[in-house]
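Below sits a lone chain in structure tokens, taken as the form predicted on its own.
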């Protein structure tokens, strides 16, 4: 089976937008689930719902693959699995090295989904000399001193960084110098890389903070809705509702100005000239 060191996915040369590329794994996951249930065909609406996108966007994405489905039948599930897998470069073996075998790195090493999706964990590397030789997920951990040789010997294509933030850039620099041009970064820091190197960042704390924002907003909306309901109930029952005095004074001032407006308009009308126009110079 070929390795990925000399092959790059065809998506860029074919002009597939990055947003479409980002959605292809979602389609593939949904299609794989259908395939495992022996579902032969799927409509764009059904597949879009399973992937969490709208059907128009899905059809547009598939048009870049040259796949348009059959009216009244839908898409052939197995053929789409093959098309998307080929486009993503998953029909070949992609050796991966994981650097940083702490709790997160060990969890990644034990993840069983890599092999079934075309990725082979070729080596586990850590800077701690006490970790050297320790088996994790059935593989012995190797020391970072041998990083460059490990990459060369295993034809590694993709580097995964799961080190602490302070060590991530140095590890990144060594990976790039050793020929790695694709990096998946789990370290909580932004990596600086030269042109031609792709970095995908996975920051769990940022994702949690975004969720916290949405939770806070939902809580605020619920609290606002409760106040509106309480005011409505109180008004119906004839109960006095506390009023903001400043707001009440502003409202009263607006009402006074509104009452005075008709009088001002009448006075202006009375002072118009014979033809109804306001004279340029008002009489004394």
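By rigid core we mean the largest C-alpha set that fits within 1.5 Å across both forms. Numbering follows the first chain given and starts at 1. Everything quoted here is computed from the prediction, not taken from an experiment.
Only in words, not in the display: the form predicted together with the DNA, which the text now covers.
Partner contact region in the predicted complex: 68 to 76, out of 142 to 150, 68 to 76, 109 to 117, 178 to 186, criterion any non-hydrogen atom within 4.5 Å of the DNA. Contact annotation for residue 37: none of its heavy atoms lies within 4.5 Å of the DNA in the predicted complex.
None of the heavy atoms of residue 33 is located within 4.5 Å of the DNA in the predicted complex.
When the DNA is considered in the predicted complex, residue 217 lies well away from it, no heavy atom lying within 4.5 Å. Residue 51 falls outside the set of residues with a heavy atom inside 4.5 Å of the DNA in the predicted complex. If you take 17 to 47 and check each residue for a heavy atom within 4.5 Å of the DNA in the predicted complex, you get 17, 18, 19, 23, 42, 43, 44, in sequence order. Relative to the superposed rigid core, residue 214 undergoes a CA displacement of at least 2 Å between the shown form and the other one.
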